[in-house]
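The chain below stands alone, shown as structure tokens; this is the form predicted on its own.
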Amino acid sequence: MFKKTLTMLLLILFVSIFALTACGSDDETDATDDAQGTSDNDTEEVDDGTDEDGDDGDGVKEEVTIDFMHLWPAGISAGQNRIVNEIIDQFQDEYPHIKVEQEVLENEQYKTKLQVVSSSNQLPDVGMTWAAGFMEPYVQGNLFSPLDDILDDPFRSSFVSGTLEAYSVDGVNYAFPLELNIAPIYYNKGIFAEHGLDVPETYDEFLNVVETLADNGVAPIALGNRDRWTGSLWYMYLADRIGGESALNSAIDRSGSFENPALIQAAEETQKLVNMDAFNRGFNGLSNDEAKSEFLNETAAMYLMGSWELPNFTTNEDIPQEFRDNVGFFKFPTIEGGEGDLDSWVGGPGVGLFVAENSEVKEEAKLFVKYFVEKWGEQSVTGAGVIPGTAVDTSSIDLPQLYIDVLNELGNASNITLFADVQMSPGVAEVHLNMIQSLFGNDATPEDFAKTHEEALAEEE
């Protein structure tokens, strides 16, 4: 399993270049083709004047179609979706014998469909995966194709140090990262100002913010915990701030225990937030997208989420500029007596691209994946405000200030702890996510929460 805490020396090596130069996914979304590759897999000879590598030649190419499934719908991931379509247009212009058909689902439906199609070994030719424990069963089931054959230099050296390792098993790469994320608490500056609130630096100050907002009829925090991993972010930060960066990681990697008093206290603090009405009404039954709408509609004052949301707060023209200018962020506050560091973050590599082992167009799929990752690194920064998994020279790029500020925080990070459910095996991750929802619903005591985790983890030793 991928190392639980990302080695910050490697990340800082990237950010020291990246940030300093910058300063000088609930009804199922309809699958769409988005005007890309609508042809069937019928064999049709086309004289495109190019060889397999796109060089001029006199060969005749068979028309092929690549099925590409991803989780960036146009509505809720407008910037990412736009760039996906631009890259596909560029690819099809360069390789006219290859068509790319898209199936686009929101985050949770994507995960569900990936499980369903993998059970019958009918994965798309190209799709998205998460790192570490999430990916391992697909690799062990021989569902993902090794990609080392296209991982040559300078392509290999273009990745941020440490990110490729997240997508490797036994030293073999099975996916390529597209994102690098941390999770700030975004807040509405106008709501804070209206109620005379300052950005909290300590947890006691944060609780005062929550109490003040709740007393004045404002939902303090937007949370859609039907998706469960969203609530896990809150628990992870509390575990970090109380027990330090090693508390949760050691419980998962079995060098420690989930019945660590610090992890039980983190569960207690989670329920304390619930009981003081810190979250929007009905949060345990809402999706992340529904909760995000409450933040975007300014009915909730704060929103803890990954930096993949930066496009919605910087470059997404579908969201009013006035609102985007009104969004700030702060680090999860420190807790008095806790061992956590203010500069320790929850985050890590985001989604990556895989190629299905049984793809009938594997060669073309690998060509597309390499092309996509290279172009994504070039275009995602300015086009979507996304921090890519490849290093980018931003010296000549005009970036929004919020984006620069997050990059600077990434550069100053003392630690980045990989999302808990991604660290865990799928079976344990499901236990974790179910217990998160039970904890937030006051259906499990903090002690039972810890004990259930410990039993699930111990079973896999």
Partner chain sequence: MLYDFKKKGEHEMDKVMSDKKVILLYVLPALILIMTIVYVPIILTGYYGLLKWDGIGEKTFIGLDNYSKLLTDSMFWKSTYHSFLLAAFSVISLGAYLLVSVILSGKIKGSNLFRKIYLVPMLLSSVAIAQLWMKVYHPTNGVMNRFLLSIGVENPPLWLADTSIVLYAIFLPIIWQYAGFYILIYYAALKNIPESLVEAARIDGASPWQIAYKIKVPLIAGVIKVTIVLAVVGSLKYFDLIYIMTDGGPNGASEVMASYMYKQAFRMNDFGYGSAVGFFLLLIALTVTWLIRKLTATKEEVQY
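Definition used throughout: the rigid core is the maximal C-alpha set that superposes within 1.5 Å between two forms. Residue numbers count along the first chain shown, from 1. As the structure is a computational prediction, the values presented were derived from the model and not from experiment.
Just so it is clear, the following notes concern the form predicted in complex with the partner chain, a form of the same protein that is not shown.
**Q** Please tell me which of Y237, Y187, F258, Y138 lies within 4.5 Å of the partner chain in the model of the complex, judged by heavy atoms.
**A** Of Y237, Y187, F258, Y138, the residue with a heavy atom within 4.5 Å of the partner chain in the model of the complex is Y138.
**Q** Which of these residues, Q90, N358, N208, Q115, gets a heavy atom within 4.5 Å of the partner chain in the model of the complex?
**A** The residue from Q90, N358, N208, Q115 that makes the contact is Q115.
**Q** 162-170, 104-112, 372-380, 339-347: which one contacts the partner chain in the model of the complex at 4.5 Å, heavy atom to heavy atom?
**A** So the stretch in question is 104-112.
**Q** Might D448 be said to contact the partner chain in the model of the complex, defining contact as any heavy atom within 4.5 Å?
**A** Because no heavy atom of D448 falls inside 4.5 Å of the partner chain in the model of the complex, the answer is no.
**Q** Using a 4.5 angstroms cut-off on non-hydrogen atoms, would G285 count as touching the partner chain in the model of the complex?
**A** Within the cut-off, so yes.
**Q** Do S119 and the partner chain share at least one heavy atom pair within 4.5 Å in the model of the complex?
**A** Residue-level check for S119: yes, a contact with the partner chain.
**Q** I'd like to know whether L143 contacts the partner chain in the model of the complex, with contact meaning heavy atoms within 4.5 angstroms.
**A** Within the cut-off, so yes.
**Q** May I ask whether E179, D318 and P320 each come within 4.5 Å of the partner chain in the model of the complex, counting any non-hydrogen atom?
**A** The answer is no: none of the three residues contacts the partner (heavy atom, 4.5 Å cut-off).
**Q** Judged by heavy atom distances of 4.5 Å or less, which residues of 437-455 approach the partner chain in the model of the complex?
**A** Counting only heavy atoms within 4.5 Å of the partner chain in the model of the complex, the contacting residues of 437-455 are Q437, S438, D443.
**Q** Inspect the rigid-core superposition and answer whether the C-alpha of V116 shifts by 2 angstroms or more between the shown form and the other one.
**A** Yes, because once the rigid core is superposed, the C-alpha of V116 moves 2 Å or more between the shown form and the other one.
**Q** If the two forms are fitted on the core, does N107 show a Cα displacement reaching 2 angstroms between the shown form and the other one?
**A** Indeed, N107 is displaced by 2 Å or more.
**Q** Please determine whether the C-alpha atom of S255 is displaced by 2 Å or more between the shown form and the other one following superposition on the rigid core.
**A** For S255, whose C-alpha is compared between the shown form and the other one after core superposition, the shift is less than 2 Å.
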